[in-house]
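Presented as structure tokens, the chain that follows is alone, the form predicted on its own.
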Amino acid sequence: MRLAGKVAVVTGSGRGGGLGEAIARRLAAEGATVVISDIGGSKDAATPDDMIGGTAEMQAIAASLPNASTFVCDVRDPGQVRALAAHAVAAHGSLDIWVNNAGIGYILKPLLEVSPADWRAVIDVNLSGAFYGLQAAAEIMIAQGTGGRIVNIASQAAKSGFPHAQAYTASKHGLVGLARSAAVELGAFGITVNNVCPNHVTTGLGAWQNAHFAELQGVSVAEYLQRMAARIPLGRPGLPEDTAKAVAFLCSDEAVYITGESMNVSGGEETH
């Protein structure tokens, strides 16, 4: 119960079986009160219903956790993000942990086929959305005067390049710089800012990515996964729980002297 008495917001946590849900569940298991947040429903072509957390899913996840609440938020809108932060305080009394997990990882195209709209959609959610969350959380944490923990879910793509993922890779690399810069400014207030960088995790989105890249390489999904496992020293792709445990650690007092870092959780596949 390392996080007892803490209030945490996890963006992009309303999709069943997703990475955000796993993070929320781990934080709750460690004692935190959690706000489940997601976009709630499709808003445009960049946010299809089968790739986002719907309102019903959000409510079901929250209902299975102790003292959790839900809040619909499109992280592309800084006003909605500030309202999400305010909800945590109004509903639960404080804001101690903020996890920027919302992301788009399903707009994957060859370089010359990426449209300006594709580029904007990914950057707006993955990088700008994380900045809005960091800013809104930091404002409240500074006012509270008790420190805080901000964690961005980056990716192995924050360290290495991948085909068909130009905007995604750029956005995740951007989170490395964002955390480093924010950590310098917020350290004086006892607020740490870190990234967690998982390798591939087969969530619902991950399964879609498996099929996409298997087809691109002309192999079966099973063979694609075998090749992936073969290049990972620990012999398997990541699990949602692997990332969730790393997040919980960075949110705990045990990580009080860690900030500005981008922690690999990749089974040894990413080593820099």
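Residue indices: 1-based, along the sequence shown. Just so it is clear, the structure is predicted and the values come from calculations on it, not from any experiment.
The discussion below concerns the form predicted in complex with a small molecule, not included here.
Colleague: Could you tell me which stretch in 44 to 52, 28 to 36, 62 to 70, 212 to 220 has residues with non-hydrogen atoms within 4.5 Å of the small molecule in the predicted bound form?
Modeller: Looking at the other structure, the answer is 44 to 52.
Colleague: Can you work out whether Asn199 and the small molecule are in contact in the predicted bound form, taking contact to mean some heavy atom pair no more than 4.5 Å apart?
Modeller: Heavy-atom contact with the small molecule at 4.5 Å: present for Asn199.
Colleague: Asp96 near the small molecule in the predicted bound form, any heavy atom under 4.5 Å?
Modeller: No.
Colleague: Going by a heavy atom distance of 4.5 Å, is Leu19 a contact of the small molecule in the predicted bound form?
Modeller: Yes, Leu19 lies within 4.5 Å of the small molecule in the predicted bound form.
Colleague: Is Tyr168 near the small molecule? Define near as a heavy atom within 4.5 Å, in the predicted bound form.
Modeller: Flag for Tyr168 set to yes.
Colleague: Of the options Ile104, Ala85, Ala138, Ala182, which one has a non-hydrogen atom that comes within 4.5 Å of the small molecule in the predicted bound form?
Modeller: In short, Ile104.
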